[in-house]
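The chain that follows stands alone, in the form predicted alone, written as C-alpha cells.
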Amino acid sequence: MLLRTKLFGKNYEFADIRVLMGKANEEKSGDRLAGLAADTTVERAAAKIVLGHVPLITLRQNPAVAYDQDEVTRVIDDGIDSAVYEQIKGWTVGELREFILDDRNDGERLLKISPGLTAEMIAAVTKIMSNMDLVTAARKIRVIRHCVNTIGEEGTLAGRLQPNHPTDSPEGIRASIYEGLSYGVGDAVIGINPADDSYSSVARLLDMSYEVIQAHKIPTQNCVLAHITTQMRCLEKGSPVGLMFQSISGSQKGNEAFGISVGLLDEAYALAKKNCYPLGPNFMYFETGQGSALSAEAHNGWDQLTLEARNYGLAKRYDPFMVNTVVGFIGPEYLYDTNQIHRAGLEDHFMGKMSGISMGCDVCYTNHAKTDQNASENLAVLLTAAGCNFFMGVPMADDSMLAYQSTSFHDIATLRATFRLHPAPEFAEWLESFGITNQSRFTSRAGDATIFLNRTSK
C-alpha cells in the first residue's frame, strides 16, 4: 500500500511500515540516536495520519522481525486468537483507537479483543494516542493476578518493597524491609536486586526474606532479581522462591544479550509452577523498558516503542503476576528528559494493560537525565490515575545499590491516600492485624521499623 499524505502543501511518503512506525513515534532520544525519528514535528504528524489509515492486517504481515528469523515474533504470532483476529483484521489503526476510547467499551471489551492483537498493532495505536488517551484507556482495564496475594483489583495500589544494599548485607536489607512494611509497602513483592549474583548469595537472601515473611505471617511473596538460571538453581536446591524474575527484550537477539531464550523461560516457568512456595497460579515477574533492545544493538532497525510492545507480547505467554517497566533507568541516551520519560511511562503502562498484563512502573531516572524528583511525582500521579497496579518502594526514593532515583515508601502511601486506594486486600488485612493501620488509616505504629523486632503481631 502507498504510505503517503499531503500536509501543509507538502507531500510526505514513507518507504515502508518500519520507517512509518519510527517517524510516527513521539520524540525519543533513542530513536533519534538510531536514525528513526521524524525530522520535524510536521513530518511526525504526517506519519501519524498515515499510520491511522493502515489496516491491522498489514501490521501482522509486517512484524519487526520476520517470523522465521525471530522466536519472539513466533511467540506473538502463534499466540494470536484466530477467531478474534478475523473479526478485527480489517480495522484501521485509527478505528482501533476509536474502539478503545469509546465510552461504551469497558475494560472487559478491550480485553476481549486483546488476544487478536499483535504487539505491532498495539504499538501502532499507542503512537496515535495522546497522553490523556493513554491514561483514559489504561484506566478502563483491570488485570487481576494472584500469587500469595491478589494484585490489580479496583481500588488498590500495590508496592514492590525494594530493599537493595550495596554489599547485600542481610542485616541492612532486613532493616529496609522492616521500614517498608511499617509504611504499608511490600504487597506486590519483597524484591531484592542482588549485588552478588552467585548461588550462595542469592540463596541466602531468599532464605532471609522468606524468614521475615514467615515470622510475621505476611501475605506477600519474595523474589531475588538475579539471573533466571541462578534462581532456577536455588529453586531446584530447595530455596523458598515466591516469584521467578527475568529482564526480557522484544527480540530474540535482545534476549540472547540477556542470556535467555524462549526455551529457557519455558523451563523456568514450568519449574516455578512446580516448586515455588505460593499457591499461585501466577509465578513470573518480568522487567522491561524502552531502549533495552537498542542498547544491545538488537532492535533490528525498529523504534524502541515497538520493541517494548513486543516485550509484553512475549511476557503474556507466561501469565505473569507482575511486569514492571523501569521507565527511566537506561538513561538519557534513550529517554532524554521529563517529557520523554513521562510519555514512555504512559505508553508502556497502556501497552502492557492492552496486552492483558498485570502492569506496574518503576517511575525512575538516572542522575544525568534532564529531569527531577518533582517530575517523577507528576508521572506517578498520572499513572495512578491510569490504574497502575504497583510502584517501587525504595528507602527515600534513592537506591543505594543501583544508584538511581525511584519512588519511596512515602510516595506510595501518599498516592493511596490521595486517590483513596488500598493495598492488596490480604495485605490490607494484615496491616490492620499488625496495628499499622486502623480502618485503613495509619496508626502511631506506622513508620516505626522497630515494631518488627519482637517478631510478633499485635
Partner chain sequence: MSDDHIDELIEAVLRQLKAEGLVASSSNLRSQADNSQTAGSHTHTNISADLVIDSDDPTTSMQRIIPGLENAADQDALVMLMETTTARIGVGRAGYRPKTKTLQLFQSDFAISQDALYREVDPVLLQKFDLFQVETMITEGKEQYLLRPDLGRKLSSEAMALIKSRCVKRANIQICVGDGLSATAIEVNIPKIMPVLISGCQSVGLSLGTPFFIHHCRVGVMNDIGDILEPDVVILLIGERPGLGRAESMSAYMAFQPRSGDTDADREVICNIFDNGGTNPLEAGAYAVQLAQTMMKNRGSGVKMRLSKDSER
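Everything quoted here is computed from the prediction, not taken from an experiment. Numbering follows the first chain given and starts at 1.
This next part talks about the form predicted together with the partner chain, which is not shown.
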Wondering, does residue 414 line up within 4.5 Å of the partner chain in the predicted complex on heavy atoms? yes
Given that the partner is absent here, does residue 441 sit within 4.5 Å of the partner chain in the predicted complex, heavy atoms only? yes
Hey, in the predicted complex, is residue 367 touching the partner chain, heavy atoms inside 4.5 Å? yes
So, residue 448 and the partner chain: in the predicted complex, are they within 4.5 Å at any heavy atom pair? yes
Interface residue in the predicted complex among 153, 133, 333, 95, criterion: non-hydrogen atom within 4.5 angstroms of the partner chain: 333
So which of 300, 114, 176, 247 reaches within 4.5 angstroms of the partner chain in the predicted complex, heavy atom to heavy atom? 176
Given the stretches 307-315, 247-255, 359-367, 96-104, which is the single one in contact with the partner chain in the predicted complex, using a heavy atom cutoff of 4.5 Å? 359-367
The partner chain is absent from this chain, but in the predicted complex, do 396, 405 and 410 each have a non-hydrogen atom within 4.5 Å of it? yes
Pull the contact list for 138-170: residues with a heavy atom within 4.5 Å of the partner chain in the predicted complex, in sequence order. 165, 166, 169
